[in-house]
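Only one chain is shown below, in structure tokens, and it's the form predicted alone.
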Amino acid sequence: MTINGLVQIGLYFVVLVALVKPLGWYMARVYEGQPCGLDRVVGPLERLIYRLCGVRQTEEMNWKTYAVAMLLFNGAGLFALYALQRWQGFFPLNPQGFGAVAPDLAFNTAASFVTNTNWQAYGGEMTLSYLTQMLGLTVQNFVSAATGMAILVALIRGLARRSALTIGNFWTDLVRSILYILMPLALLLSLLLVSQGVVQTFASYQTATLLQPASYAKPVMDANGQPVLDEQGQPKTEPAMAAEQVLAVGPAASQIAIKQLGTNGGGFFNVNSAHPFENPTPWSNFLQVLAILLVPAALCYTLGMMVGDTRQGWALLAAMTILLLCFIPLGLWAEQSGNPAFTALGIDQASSAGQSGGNMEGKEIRFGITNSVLWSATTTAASNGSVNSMHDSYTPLGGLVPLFLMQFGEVVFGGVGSGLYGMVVFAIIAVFVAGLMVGRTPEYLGKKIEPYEMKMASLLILIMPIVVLGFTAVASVTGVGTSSIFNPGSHGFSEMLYAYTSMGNNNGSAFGGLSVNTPFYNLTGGIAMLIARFWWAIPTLALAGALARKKLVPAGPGTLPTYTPLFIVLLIGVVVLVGALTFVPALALGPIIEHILMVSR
């Protein structure tokens, strides 16, 4: 790594940690109903929403009622987004005249955005109208993120309360998450992004005449818009000349702001934040990658405040940060080492990639290797999935970093709310393991961890691997699954594994080279995303209800403090051990063997 690269990464984490306490303090006051500074401005709107919806703000719910409200709300969002895509041709704000989205793709997209995954099997500027992008996708970016935050707050109340039957009100938590936290942050970030040149307009697409016409190989598509393959199974092309270029524009900045802050990640344009209209400058790049981890990191401090011990939040934040910092250097080393196959051909990778040298394939020159690797690690540590470079073009070990970070269960920061409640589950497992070591009933934050809590925790850590490995296995042994692979061998398997890891962890990023806009991948992917989101949420709420009913147990000589360096190391070990035991065999068939083949040529 270069000194310049170390300074950039160090600056990023310094700014991130500096913002944790003020934002975390603010969010704790929002959820506890205390004055937070925006009450006079937002309070009347909040009360109006409750009156219009018939919600009693102070009426609390038990965990089952909370879960039903959450499922009904997100089910309605799923149906509404599906219908909007199917009927978008009849609605206004459609300057390009886009027609209905295919049923399987509409289902996949609806499931994707409702579950905070934002997996995209389509090109946004070629498929969706402005209205669908705003009323459908951007709205879901807010409410899906707020859903995760509400579930986390319910779990925190379960940890903080004693002998209680309720864990809060879903509607209140949802509304306050949006009005007091996500909307103000998104408005501020939108203005900052517009100042950097990110587009925000309702104008039609613009046509520019090229100064020099260019020839190119145009892919041959069938009547369904799918590539036509030749006898060798490769996409057919035909020669073509380009004299003009259509520049896609639209109301992008507003969607980009919440896609990053809400760890949604779905881009307005097809190439996401690698597009110059989404991410034009180094400053816009810094703001966006900072926004990815900002709310998940600050929620750690929020947890500490709400349970009455900020050391607990700092301990969880430390575990997340250490895990991420362990993987960023591996990614930098892999990408800056370059591709030995190019070296054997006499290609000077150092001169083509700047002073640091390395693999610049699929990366923007204006960001370079350091900012590309930093983004790829943060976006997959969080359940964000936005990209400023193409992960499929990374070296095998460089691509393993984002893949393995997702396979930890999206708990290394993870999504807003969902990442932290996943890490709390791992903390419960860690104290259970420690309790077994010393022969004492495990406790976490003064609550005894008994068989019911461990059943819920075990269910939570088993759901994701079953979804990811199960669907990957089905895709790899069926014709409908393997027919979408354009890169055979170990890399083709890596692409399938990455796809279902991304969908099964509500991430949304992807390796290229896998044609996923097919009925098989759209349907199985949509099912995987729904299971990964809501089969995590329901046991988490059940766990919250069980913990809320418990009495506080005084700490004794055998109690393991859950804020010390010892516990942080134990927590990191549990996360790594579970991830490694579950996924290393699959990784050995993909990026690991691919790396061995690359260096042995």
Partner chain sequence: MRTQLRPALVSLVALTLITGLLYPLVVTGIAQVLFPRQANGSLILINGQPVGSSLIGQLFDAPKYFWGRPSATSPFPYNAAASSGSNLGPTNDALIKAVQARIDALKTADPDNPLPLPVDLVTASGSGLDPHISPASAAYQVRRVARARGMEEAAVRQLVSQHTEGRQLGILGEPRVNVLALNLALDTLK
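It should be emphasised that the depicted structure is a prediction, and the values quoted were computed from it without experimental measurement. Note that the rigid core is defined as the largest set of C-alphas that superpose within 1.5 Å between two forms. Residue numbers count along the first chain shown, from 1.
Unshown form predicted in complex with its partner chain; subsequent notes refer to it.
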Sole residue of Phe327, Phe269, Phe432, Phe404 within 4.5 Å of its partner chain in the predicted bound form, by heavy atom: Phe269
Position in contact with its partner chain when the complex is considered in the predicted bound form, options Tyr394, Tyr521, Tyr421, Phe113, heavy atoms within 4.5 Å: Tyr394
Report the stretch among 436-444, 155-163, 366-374, 298-306 that approaches its partner chain in the predicted bound form to within 4.5 Å, counting heavy atoms only. 366-374
Its partner chain in the predicted bound form reached by all of Pro95, Met464 and Ala542, non-hydrogen atom within 4.5 Å: no
Gly362: heavy atom within 4.5 Å of its partner chain in the predicted bound form? yes
Gln57 near its partner chain in the predicted bound form, any heavy atom under 4.5 Å? no
Does any part of Trp171 reach within 4.5 Å of its partner chain in the predicted bound form? Heavy atoms only, please. yes
Taking heavy atoms only, is Val14 within 4.5 angstroms of its partner chain in the predicted bound form? no
Looking at its partner chain in the predicted bound form, which residues in 39-57 have at least one heavy atom within 4.5 Å of it? Leu45, Ile49, Arg51, Leu52, Cys53, Gly54, Val55
Core-aligned, is the CA shift for Ser163 between this form and the one not shown 2 angstroms or more? no
Indicate whether Thr478 shows a C-alpha shift of 2 Å or more between this form and the one not shown, with the rigid core used for the fit. no
